[in-house]
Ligand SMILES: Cc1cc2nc3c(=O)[nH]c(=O)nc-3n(C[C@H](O)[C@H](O)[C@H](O)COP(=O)(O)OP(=O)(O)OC[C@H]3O[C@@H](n4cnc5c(N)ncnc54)[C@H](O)[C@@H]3O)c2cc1C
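Taking the form predicted on its own, here's one chain by itself in structure tokens.
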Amino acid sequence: RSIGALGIIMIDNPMCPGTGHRICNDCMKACIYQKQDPVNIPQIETRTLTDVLYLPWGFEIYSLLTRWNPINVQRPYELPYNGKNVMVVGMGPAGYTLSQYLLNEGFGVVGVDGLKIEHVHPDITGGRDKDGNYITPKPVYKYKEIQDELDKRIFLGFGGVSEYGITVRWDKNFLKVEFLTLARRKHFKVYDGIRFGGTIEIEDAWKLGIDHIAIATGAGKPTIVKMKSNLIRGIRKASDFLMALQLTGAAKKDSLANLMLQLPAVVIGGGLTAIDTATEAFAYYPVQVEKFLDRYEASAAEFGEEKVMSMYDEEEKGIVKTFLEHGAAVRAERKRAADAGESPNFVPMVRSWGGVTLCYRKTINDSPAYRLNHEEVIKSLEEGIYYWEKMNPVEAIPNDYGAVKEIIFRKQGKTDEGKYIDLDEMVILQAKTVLVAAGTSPNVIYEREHPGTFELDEWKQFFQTYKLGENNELIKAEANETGFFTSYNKEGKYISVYGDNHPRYAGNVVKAMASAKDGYKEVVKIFRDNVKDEQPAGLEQNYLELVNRLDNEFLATVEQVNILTPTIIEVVL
């Protein structure tokens, strides 16, 4: 029954590991049972997926259903390779979901992403040898063979915001399931460290053999808060903090990544990113100070405490003293809990040290986080986060060393019409760390760097979208219409947009994935004469030649390693 239920879910959502519990709850908000507990459909979907994954060959069952789903009566199988190749720019939720749909329509898909992507489990993903022959993947009998402990997992880099933005509220083994499933496909290959508009430009892609480009680069530039002195030390963007925390593995005990967080901490914003930032900062602090204590003691044992302390300036010595005291408290709590046979409770002590406060200019009920996923607000309160409503940041005040020590806020009032206005009352909050989560803007950097390539909308924020006419002509989408194409149209080549790059689908993971589900059909229209159940022999060579060309352009190989001196090594690529 679980397999049948999963098959039904995957008709509309083949990449269902990327949604579900703690990710989306739009369906719960639409449930008719609003005056009692609504039906928890996300939890049901996640439970169904988990039940199948833990069956013998469970991962293989899921993987098969992405390619052959007998419950999908419209067409249960994937189509053969049609000779057309799509470059998907960005391997976030929109990009990896679009790749899945296009692969099933018979397209070759080349994914490119700016982040470093770890190619884990090459035996399970299979691939191609140097002669282009397909290597059959090793089947997975037990899901635990590919599962990782979440605090020890290798950060894939794959998945965009699913990897570095969504935090402990989601089991990221699901992201690994999606990655391995796509990496197995014969006509899918992903290249990392590729910057669209830098490493490769549009004209380069056409010359290499790409037939269509799909932009799914997500939101890029963070919104700047109008706060005086907002660039002093100790203030950083929330997206930068989350990316540094997730991709460097700073919270891992064996990581050498340097990511310092001091308390009290203040997070400015009211979206899900703000909540993720607050809960991650709260959870990271005890790990950070305990790790610092361990390394300080090891260094002092080897070099002497006096010599170690001599390496710090006066400001750093104060931080060291605090971290050592807090680290000792965390260690003691961990020992107490172990002796009592229970989990350690760091919430009271982190709060006593100043804790993490989330400040929003409106009420929490009016916040995007509450409207999109109120469960996360509840969970954050349970985890110890403070909330302060109707607070608009005005100025950051530095300490004697030039780092932030407090934030001045102006209280906000609400009129009878529901409009928020400034009040005369000012509030000062102590803050040694300030993380700004005030939203981001769509990534349209290609147009900024290559003016005239794309038409932007009237606010110069999103790509202006177009629909495809009966004769493949572009028709500008009106305000109440949905188009997936940009203004680009040269020699029959088009470029489409998805996720946060699209004005109708920006905002969250589920919308991004929905854009792929709705938009892939528009790409199929361009190549409708090529998408069919049977294909002529010889098309496979098209894809192999494309991959060879891309490998030569994108993959670095080590030619020489020269030891110049005992401390200098030269690597020739």
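One rule holds for the numbers: they count along the sequence shown, beginning at 1. This one's a predicted model, so the numbers in the text were calculated from it and none came from an experiment.
Not on display, but discussed next: the form predicted together with this ligand.
- Residues of just one listed stretch (479-487, 127-135, 495-503, 316-324) have heavy atoms within 4.5 Å of this ligand in the model of the complex: 495-503.
- Contact annotation: residue 164 falls within 4.5 Å of this ligand in the model of the complex, judged by heavy atom distances.
- At least one heavy atom of residue 195 is located within 4.5 Å of this ligand in the model of the complex.
- When this ligand is considered in the model of the complex, residue 373 lines it closely, a heavy atom lying within 4.5 Å.
- Put simply, residue 507 is close to this ligand in the model of the complex: some heavy atom of it is within 4.5 Å.
- The candidate spot formed by 82, 108 and 211 is out of contact with this ligand in the model of the complex: none of the three has a heavy atom within 4.5 Å.
- Contact annotation: of the candidates 222, 398, 344, 114, the single residue with a non-hydrogen atom within 4.5 angstroms of this ligand in the model of the complex is 114.
- This chain lacks the partner; the member of 89, 431, 278, 98 within 4.5 angstroms of this ligand in the model of the complex by a non-hydrogen atom is 89.
- Of all the residues from 258-275, those having a non-hydrogen atom no more than 4.5 Å from this ligand in the model of the complex are 272, 273.
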